[in-house]
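A single chain comes next, written as structure tokens; it is the form predicted alone.
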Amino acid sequence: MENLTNNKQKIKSYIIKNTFKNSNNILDSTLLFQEGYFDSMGFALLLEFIEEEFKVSPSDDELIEENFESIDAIAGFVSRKKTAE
């Protein structure tokens, strides 16, 4: 559980530092794309961050909205990828 919480904090910190929206009130359940935190270029940079920070690379079939729509979803995705290694 601690890893999941730690991963959520890292993801949230990345979003706060790298988006131009007021990210200080972002929730773990905030829908990042629907709320305009990321566009396609932002998504590419988010994927780069995930690969560098967590050492996981999504396969083409994992590049779906459900895996990246919120901090909760991203942290869950990272956790599942790490467990599968």
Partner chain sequence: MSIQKKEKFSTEILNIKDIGQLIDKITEKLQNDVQKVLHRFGGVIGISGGVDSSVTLALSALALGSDNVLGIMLPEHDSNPESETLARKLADKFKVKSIKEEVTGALEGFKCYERRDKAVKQIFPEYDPTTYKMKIGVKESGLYSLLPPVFSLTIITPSGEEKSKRLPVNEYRQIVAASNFKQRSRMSMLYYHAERLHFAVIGTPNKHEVDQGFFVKYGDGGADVMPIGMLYKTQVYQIAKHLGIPQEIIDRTPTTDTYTAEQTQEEFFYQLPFDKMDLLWYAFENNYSPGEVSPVMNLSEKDIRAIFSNFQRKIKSTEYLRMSPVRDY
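Residue numbers count along the first chain shown, from 1. Just so it is clear, the model here is predicted, and its values are computed rather than measured.
Keep in mind that the form predicted in complex with the partner chain is missing from the display, and what follows is about it.
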Is F43 close enough to the partner chain in the model of the complex to count, meaning some heavy atom within 4.5 Å? yes
Verify the contact flag for I64: yes if a non-hydrogen atom of it lies within 4.5 Å of a non-hydrogen atom of the partner chain in the model of the complex, no if not. yes
Looking at the partner-bound form in the model of the complex, is D39 within 4.5 Å of the partner chain by any heavy atom? yes
Using the partner position in the model of the complex, report whether S29 sits within 4.5 Å of the partner chain, counting heavy atoms only. no
Within 4.5 Å of the partner chain in the model of the complex, counting any non-hydrogen atom, which residues from 43-68 show up? F43, A44, L45, L47, E48, E51, P58, S59, D60, L63, I64, E65, F68
